[in-house]
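A lone chain, given as structure tokens: the form predicted on its own.
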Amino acid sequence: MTNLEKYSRAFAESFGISEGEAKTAKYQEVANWDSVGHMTLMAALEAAFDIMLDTEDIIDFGSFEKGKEILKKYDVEI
């Protein structure tokens, strides 16, 4: 499984959306992306990529695209 597949799947499973819908996902524009959904996604990404996100990065993680930028800081290329 590629990193893009892992990343898309984390969004899909966290929010109950398709992997295609995940690619345009933004915080609070997806029905289940509220504060609980956000932390579910963060936990899924930490497990998928074996990383520990900093609090500032968790707060800044507001969209599928922004998340890709943030994960680069952890040497995860999407």
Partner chain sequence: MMWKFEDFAENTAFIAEDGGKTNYAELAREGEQLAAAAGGRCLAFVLCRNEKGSALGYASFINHGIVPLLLNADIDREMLDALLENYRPDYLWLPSDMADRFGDCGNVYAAWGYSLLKTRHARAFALNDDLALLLTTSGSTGSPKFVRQSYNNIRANTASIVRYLELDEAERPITTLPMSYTYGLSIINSHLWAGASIILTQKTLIGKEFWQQFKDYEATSFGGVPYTFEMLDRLRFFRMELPSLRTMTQAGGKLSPELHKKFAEYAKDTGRRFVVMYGSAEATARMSYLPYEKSLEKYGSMGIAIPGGEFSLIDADGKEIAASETVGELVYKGANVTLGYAERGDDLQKGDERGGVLVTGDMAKRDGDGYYYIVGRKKRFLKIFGNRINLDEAERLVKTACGCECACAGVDDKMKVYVTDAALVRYLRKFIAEKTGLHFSAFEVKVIGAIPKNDSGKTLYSALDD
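Treat the numbers as computed from the prediction; the structure is a model and nothing was measured. Positions refer to the first chain, counted from 1.
The form predicted together with the partner chain is left out here; the points below concern that form.
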Heavy atom of F15 within 4.5 Å of the partner chain in the predicted bound form: yes
Non-hydrogen atom contact E46 with the partner chain in the predicted bound form at 4.5 angstroms: yes
The partner chain contact at D34 in the predicted bound form, heavy atom, 4.5 Å: yes
Interface membership of D60, the partner chain in the predicted bound form, 4.5 Å heavy atom rule: yes
Sequence-ordered residues of 39-78 touching the partner chain in the predicted bound form, heavy atom within 4.5 Å: M39, T40, M42, A43, E46, M52, L53, D54, T55, I58, I59, D60
